[in-house]
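Coming up is one lone chain in structure tokens, specifically the form predicted on its own.
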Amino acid sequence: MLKRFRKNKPDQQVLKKRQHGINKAEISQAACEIVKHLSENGYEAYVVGGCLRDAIMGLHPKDFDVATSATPEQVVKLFPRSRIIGRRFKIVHVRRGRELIEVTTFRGHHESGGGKHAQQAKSGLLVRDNVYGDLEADALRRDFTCNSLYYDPQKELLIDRCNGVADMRNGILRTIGDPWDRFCEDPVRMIRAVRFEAKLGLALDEASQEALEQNRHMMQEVAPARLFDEMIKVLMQAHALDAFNMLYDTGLFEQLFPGPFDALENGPDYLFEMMQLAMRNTETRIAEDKGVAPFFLYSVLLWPAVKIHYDEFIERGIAPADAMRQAGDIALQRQVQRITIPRRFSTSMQDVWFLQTALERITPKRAARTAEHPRFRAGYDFLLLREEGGEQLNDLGQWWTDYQKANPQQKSQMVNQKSGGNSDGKRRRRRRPRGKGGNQGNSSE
């Protein structure tokens, strides 16, 4: 695959500052210091990847990485505050002040390594990839041309091995080499393709688009633990709606979220409208520099599946709280087979879903207790999303909006009106009829 690409490979371009336009002041000082220290010790080293891509595209660069000819073990010897992580491909985390920089060794083609260093499944998936090479080999191993860039901060030169700068300026997102092979080697690249298309406004080239559509089933080969953070990167961004729609249109959403996909395809339209609205709200919050909680995003993504199961349990006469708990468990159990969801997030997701039943059951004691729940705000926001998406909930969202603004006396009046006038909030117990032998427990008295 790489041999075929090399036959028509572009000549290496070394771009000066006036040609690449990267402002050194935007590059992490910690990354520059690491490059300098590696160079002073006889190793080749560059700032690489996404930070350069973003800088050229006029975005604020972050997530600074370094690529070097030094092996992970050699890097660790040079930087005391560092450690090797990863099995599939070793990476060194180097801490400089408050920053954490990822340092990787130049990769070689996996076919040049022995079985100890490189392993590939029959499907084409690389399960181990610790074959080292030089800058040229490393450039050809990267996923897209826009990510195959190497920056020398001391000379302010940019090495562009694969015409990445030209592709970006022409609005093209191009896979390096044969896209079929590259997506099979690591199917996560298909998710990254969607992320870069949405984030950068680039269009995937025709060959890569065709390979993505034909290999999307390969997502099932990816370890579920890798996918949680990848989905956060795709959807917690300034173009979340475009990214979500691309995931859906390419069939990747079906592969990643089979339960929610089935519910969206067969359920009411308001479920899909809620998803769209959630993505628009994510864009707004990011534009306003507000946080987006991963657990909330995932609670929205899984909600279609939860809601379908919940409605089925309610029809069978199961109490709302129990129905929601069982529905949430089923949706999560199916989902974690594709994407691992850490417990600290799944617990909060269950709270958000449970609150949807609590917000509907309004009595004086329950209303106050619900409003004091640690996840009340998230549950309330979720309720508003459901209503704005078109689900008919009898203006319940507006009621809770007014309740939060009311004083204690007004709250009491609101609850009494909503709950039917049971002002003391006490449930009236019905006496058990005294049938034959009805008081056997006191018969000896």
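It should be emphasised that the depicted structure is a prediction, and the values quoted were computed from it without experimental measurement. Don't overthink the numbering: it's just position in the shown sequence, from 1.
The following text describes the form predicted together with a small molecule, which does not appear among the structures shown.
**Q** Which one of Arg338, Arg285, Lys90, Lys233 is close to the small molecule in the predicted complex, taking close to mean a heavy atom within 4.5 Å?
**A** Only one option qualifies, and that one is Lys233.
**Q** Within 4.5 Å, heavy atoms only, which of Phe79, Phe244, Tyr132, Phe196 is in contact with the small molecule in the predicted complex?
**A** Among Phe79, Phe244, Tyr132, Phe196, a heavy atom within 4.5 Å of the small molecule in the predicted complex occurs only for Phe196.
**Q** Could you tell me which of 320-328, 225-233, 285-293, 306-314 sits within 4.5 Å of the small molecule in the predicted complex, going by non-hydrogen atoms?
**A** Partner-contacting stretch among the options: 225-233.
**Q** Does each of Lys17, Arg161 and Asp167 have at least one heavy atom within 4.5 Å of the small molecule in the predicted complex?
**A** No, the candidate spot makes no contact with the small molecule.
**Q** Is Asp143 close enough to touch the small molecule in the predicted complex, meaning at least one heavy atom pair within 4.5 Å?
**A** Asp143: yes, in contact with the small molecule in the predicted complex.
**Q** Answer with yes or no whether Glu387 is in contact with the small molecule in the predicted complex, where contact means some heavy atom within 4.5 Å.
**A** No.
**Q** Hey, in the predicted complex, is Ser348 touching the small molecule, heavy atoms inside 4.5 Å?
**A** Ser348: no contact with the small molecule in the predicted complex.
**Q** Please check if His239 has a heavy atom lying within 4.5 Å of any heavy atom of the small molecule in the predicted complex.
**A** No, His239 is distant from the partner.
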